[in-house]
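Okay, so here's just one chain, in structure tokens, the form predicted on its own.
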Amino acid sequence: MNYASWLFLGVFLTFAASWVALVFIPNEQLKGLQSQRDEITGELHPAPFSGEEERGMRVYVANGCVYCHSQQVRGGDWNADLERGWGSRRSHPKDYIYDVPQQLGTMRTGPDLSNIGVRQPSAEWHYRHLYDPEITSPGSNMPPHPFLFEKRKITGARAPDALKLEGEWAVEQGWEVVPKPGARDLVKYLQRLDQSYEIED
């Protein structure tokens, strides 16, 4: 064998070993994980996504939320996540069995969202935060997402999910701001993010 053949073989084996270690083995380990049923409530943890939640994850991905928010409560030397109240325990591979693709993220420009459904269960809070984060979190550097909402003239009664906007965000008399379907789905997805259940190994 000449030098080029050995070089090619070495590069091939390096990539093959990396793929086996980083893709194949973890995928095989995750295949065996299953939801667990709560003995008291009968609920599955984690539960499969509903259609709205699945669509909401697509909105989350399309808007690049994963670039600023992680979804993994770190333990060990990273106990700061637990101290911040981002979770009651460290994240576990079982938490992600229905997430395809997983939205682990690496950046912490914004807070971790692993348990945002527990920390902030209010749909109204999420709508207002998405419309303009400064409403709920003064000083936030998250960009506003007004394109997920529709400003429309009120005909008859106000929509039940119309945003309650005051001060500089208030709209003219006779108008309202309501979430579009993408915003509704995204909020359903965010409300579903809950890693507070006990893990059985």
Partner chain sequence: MSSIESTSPGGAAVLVRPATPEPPPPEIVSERARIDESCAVPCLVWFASSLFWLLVATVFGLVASLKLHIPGMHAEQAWLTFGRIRPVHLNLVAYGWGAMAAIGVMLWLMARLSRVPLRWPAALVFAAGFWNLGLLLGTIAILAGDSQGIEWLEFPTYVAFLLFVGFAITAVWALMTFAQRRVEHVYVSQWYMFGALFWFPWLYATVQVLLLLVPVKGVPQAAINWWFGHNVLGLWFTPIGLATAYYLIPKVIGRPIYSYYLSIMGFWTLAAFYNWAGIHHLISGPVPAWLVTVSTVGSMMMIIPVATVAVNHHMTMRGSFHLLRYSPTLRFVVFGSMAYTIVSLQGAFMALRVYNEPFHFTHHTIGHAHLGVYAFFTMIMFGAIYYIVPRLTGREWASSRLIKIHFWTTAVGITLMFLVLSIGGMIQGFEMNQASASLGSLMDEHGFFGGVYEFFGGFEVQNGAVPFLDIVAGTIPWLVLRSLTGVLILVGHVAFVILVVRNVHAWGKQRRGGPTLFHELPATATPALATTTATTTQTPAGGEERA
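Positions refer to the first chain, counted from 1. All of these numbers come straight from a predicted model, not from anything done at the bench. Just so we're on the same page, rigid core means the largest C-alpha set that superposes within 1.5 Å between forms.
This protein has a second form, the form predicted in complex with its partner chain, left out of what is shown; the following refers to that one.
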{"query": "Residues V118, E150 and A157 all lining its partner chain in the model of the complex, heavy atom within 4.5 Å", "finding": "no"}
{"query": "Contact label in the model of the complex: W175 to its partner chain, heavy atom within 4.5 Å", "finding": "no"}
{"query": "Its partner chain contact in the model of the complex: Q29, any heavy atom under 4.5 Å", "finding": "yes"}
{"query": "Touches its partner chain in the model of the complex: N141 (any heavy atom, 4.5 Å)", "finding": "yes"}
{"query": "Exercise: R74 in contact with its partner chain in the model of the complex, heavy atom 4.5 Å", "finding": "yes"}
{"query": "Residues in 3-37 with any heavy atom within 4.5 Å of its partner chain in the model of the complex", "finding": "Y3, A4, W6, L7, F8, G10, V11, F12, T14, F15, A16, A17, S18, W19, A21, L22, V23, I25, P26, N27, Q29, L30, K31, L33"}
{"query": "Core superposition between the shown form and the other one, C-alpha change of G10 at least 2 Å", "finding": "yes"}
